[in-house]
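A lone chain, given as structure tokens: the form predicted on its own.
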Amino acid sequence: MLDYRFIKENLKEVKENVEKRRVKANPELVAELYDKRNSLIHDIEDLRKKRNENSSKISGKLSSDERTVYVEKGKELKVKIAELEDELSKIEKELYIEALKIPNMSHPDAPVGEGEEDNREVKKWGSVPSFDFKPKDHVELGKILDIVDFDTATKVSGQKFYYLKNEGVYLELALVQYALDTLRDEGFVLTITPDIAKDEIASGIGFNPRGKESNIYHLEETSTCLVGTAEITLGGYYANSFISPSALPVKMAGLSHCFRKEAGAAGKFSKGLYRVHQFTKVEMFIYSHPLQSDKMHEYLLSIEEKIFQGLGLPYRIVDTCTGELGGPAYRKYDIEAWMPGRGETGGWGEVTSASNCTDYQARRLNVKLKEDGKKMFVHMLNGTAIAVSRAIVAILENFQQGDGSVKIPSVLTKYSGFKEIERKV
């Protein structure tokens, strides 16, 4: 969240940013509640001072009547303090709830817009493949290669689930191993994270774990949820902690399953593996010194490029517009791979994102550093190394052959044990 004082002192800029981000929030109410909170704190401190002064007089030499007067005054002060403390508790709760609705500020260079059509393309890499046959989409390829089974998964688990089979299993494991090896060489601490997180951690990262608007699964009769990304569990790793400035940047990578309720919500290009309820992902996460977070953001993007260039997949990078940033992100880059099976002529599909969330998440999760006697919140960044299901979509569609077989990127063959998946049907 944003600092309350920052909101009050920069109310015009915060209001303009809320409009750019296309969210429902009320910065003016936050500023008003912040003033009420501060006023109540002042009044309570003043009453406590009077209570202490009154108590010191009671301990002195007093007549019976004088003592009675001071005792009664002490009781009155105690009641008034309790009443104001109760009011303060209510105001602080309302202030916190309203402040949570306000998104992070936006990078001045982030394009202003509402939807993905307003994202700004900043780079392209690789050549879009040209086929001398009509290319198939990954759903059809998955069937004829016998590596993906949607029908049985629908029967067993429901729509938007899938079984990986045969070479598909090795392809997933190869992608994971390739990503982990890349990150190990970059000095990341590798982890396999829990698939469950406390609601307070998910909320601190910026995910709403409850209610109709939640995109992740809440576990009934618990205060926990299934994670939508290892960003949640990696971001919670140092909650309520100080990190030494000398230890920064802290670079972590997390392998986890990801569970999303939003699988059917994204239109005509959400079929098959592109948008599902459960998938495997390797996530990058960095705790950064505030002065280094812009540099770390570019660093995360460079690793994502390294991974996809190694796979030989053509892609473009887009600077995400304000309406698509999501609450915590200050700036976000997406890598979109070319997917020949999209529509009649193919199209770009998101495969990674890299976000600089500045101190927005750290403020919620209370992750700080202390430097030159001054306490400050760290900056937190996240980026996708490999979202396996979407990487498989891009590999199958870009490297398909006329006979229905699919060649495997050479960087994966040492992990998979094969160079090609042959047609089975």
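We call the rigid core the largest set of C-alpha positions that still match within 1.5 Å between the two forms. Note that the coordinates shown come from a computational prediction; the quantities given were computed from them, not determined experimentally. Start at 1 with the first residue shown and count on from there.
One more form of this protein, predicted in complex with the RNA, exists but is not displayed; see below.
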Checklist entry - Non-hydrogen atoms within 4.5 angstroms of the RNA in the predicted bound form: do 37, 67 and 74 all have one? => result yes
Checklist entry - So, in the predicted bound form, is residue 63 in contact with the RNA at a 4.5 angstroms heavy atom limit? => result no
Next on the checklist: Can you tell me whether residue 29 touches the RNA? I mean in the predicted bound form, with a 4.5 angstroms heavy atom cut-off.
Outcome noted: no
Checklist entry - With the cut-off set at 4.5 Å between non-hydrogen atoms, does residue 78 touch the RNA in the predicted bound form? => result yes
Item to check | residue 45: touches the RNA in the predicted bound form, heavy atom cutoff 4.5 angstroms | outcome: yes
Checklist entry - Of the listed stretches (392-400, 55-63, 379-387, 353-361), which one has a non-hydrogen atom within 4.5 Å of the RNA in the predicted bound form? => result 55-63
Checklist entry - If we check the RNA in the predicted bound form, which of the residues in 1-24 reach within 4.5 angstroms of it by a non-hydrogen atom? => result 5
Next on the checklist: Taking the rigid core as the reference frame, tell me whether residue 69 has a CA displacement of 2 angstroms or more between this form and the one not shown.
Outcome noted: yes
